[in-house]
Ligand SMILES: C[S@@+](CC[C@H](N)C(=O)[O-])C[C@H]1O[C@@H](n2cnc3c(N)ncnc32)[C@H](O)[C@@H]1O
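In structure tokens, the next block holds one chain alone, the form predicted alone.
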Amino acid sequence: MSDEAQELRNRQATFAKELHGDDVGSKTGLKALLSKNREAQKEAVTKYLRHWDGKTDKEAEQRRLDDYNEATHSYYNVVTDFYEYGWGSSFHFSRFYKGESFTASVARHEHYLAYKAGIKAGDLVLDVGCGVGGPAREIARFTGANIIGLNNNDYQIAKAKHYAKKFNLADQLDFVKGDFMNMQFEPSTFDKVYAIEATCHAPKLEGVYSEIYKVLKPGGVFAVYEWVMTDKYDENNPEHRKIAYEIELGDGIPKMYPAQVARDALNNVGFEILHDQDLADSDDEVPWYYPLTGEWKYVQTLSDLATFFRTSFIGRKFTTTMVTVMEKVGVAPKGSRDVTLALEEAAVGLVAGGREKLFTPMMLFVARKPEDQSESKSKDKSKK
């Protein structure tokens, strides 16, 4: 690791401790938000929002791409508590079947990825961009595999380790700090690798995919739910670009890429694509974006009501109002309202992108690293 990278890592770790304090794992949701160091929270929000100033020109995009590591770290410092409050510990979308609860659909989505990747008991698996470890815990239980979660956010790593111990999975799970554009694992370490709605934070998909290719054993499988714009998306269409920007802003993504960019990147670094499917391109009776819509007709079970209220349009407005008042009276740290407004923009963009099928959060790629490395089309693509 370079001196510059080590210095950045040390600085982020120090800042995370200053921001979140001790006893990280036991505090979740609004309780965790209210316990933050107020000056550090203000700085974290500024770092997150500084590159999302309404500009979508190439120069603005390049600034976000260049600062992907710090921007992503800052983003998850300020949104993790809101995510846990509204969504739970698995920060991703899923398909919904009629009569299926929210939690069941999330677990099934994770099980399906594990099934398509062929993850089995005894495998050593890498979770790229593991969040607070919700999917890793579920997949570890489902398969019996040993999973290492990679994350560049110190706060989320601390929470993931806490939950692993709490749920008696510490012997199957570990979580480490790292940059997925420059992984520190030895080549050919992992039997399988997966990523769930995380590699969209990469400034260049070939960069993160080439790192995954490097650490995967020959014959190993990489499975990913990728966030991409669909073939219907036209970057020169102002309304389309507005939707993409709303998603970028509210989800801390430097640049939303079309599906073909991801497809080409997998091929270019040497993967053989085994499965290629947009799971959102379906006529499901209950759409994947339903929790954000505010349409009560989609609620499947009584247990979903609380989750749906928190994530729906009305619930988000309630949360924004509540946080605004708490910030004004000095209970919530400065910048909390700005975060809720950014998340609201994301929700609007996600629903619009979903309705018009311009965006998918579940472009499923399953790809294999060839046993014979001479089969690879290219192994030396630039990462940066």
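Note that residue numbering follows the sequence shown and begins at 1. Nothing here was measured: the structure is a model prediction, and the numbers come from that model.
Keep in mind that the form predicted in complex with the named molecule is missing from the display, and what follows is about it.
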{"item": "The named molecule contact at residue 178 in the predicted bound form, heavy atom, 4.5 Å", "value": "yes"}
{"item": "Any non-hydrogen atom of residue 86 within 4.5 angstroms of the named molecule in the predicted bound form", "value": "no"}
{"item": "Interface membership of residue 290, the named molecule in the predicted bound form, 4.5 Å heavy atom rule", "value": "no"}
{"item": "Partner proximity in the predicted bound form: residue 91 to the named molecule, non-hydrogen atom cutoff 4.5 Å", "value": "yes"}
{"item": "Whether 240, 250 and 351 all lie within 4.5 angstroms of the named molecule in the predicted bound form by heavy atom", "value": "no"}
{"item": "In the predicted bound form, segment of 270-278, 211-219, 197-205, 242-250 with a heavy atom within 4.5 Å of the named molecule", "value": "197-205"}
{"item": "Listed residue that, although the named molecule is not shown, lies within 4.5 Å of it in the predicted bound form (heavy atoms), from 125, 150, 223, 265", "value": "150"}
{"item": "Proximity to the named molecule in the predicted bound form, single hit among 233, 82, 76, 308 (heavy atom within 4.5 Å)", "value": "76"}
{"item": "Residues in 129-144 with any heavy atom within 4.5 Å of the named molecule in the predicted bound form", "value": "129, 130, 131, 135"}
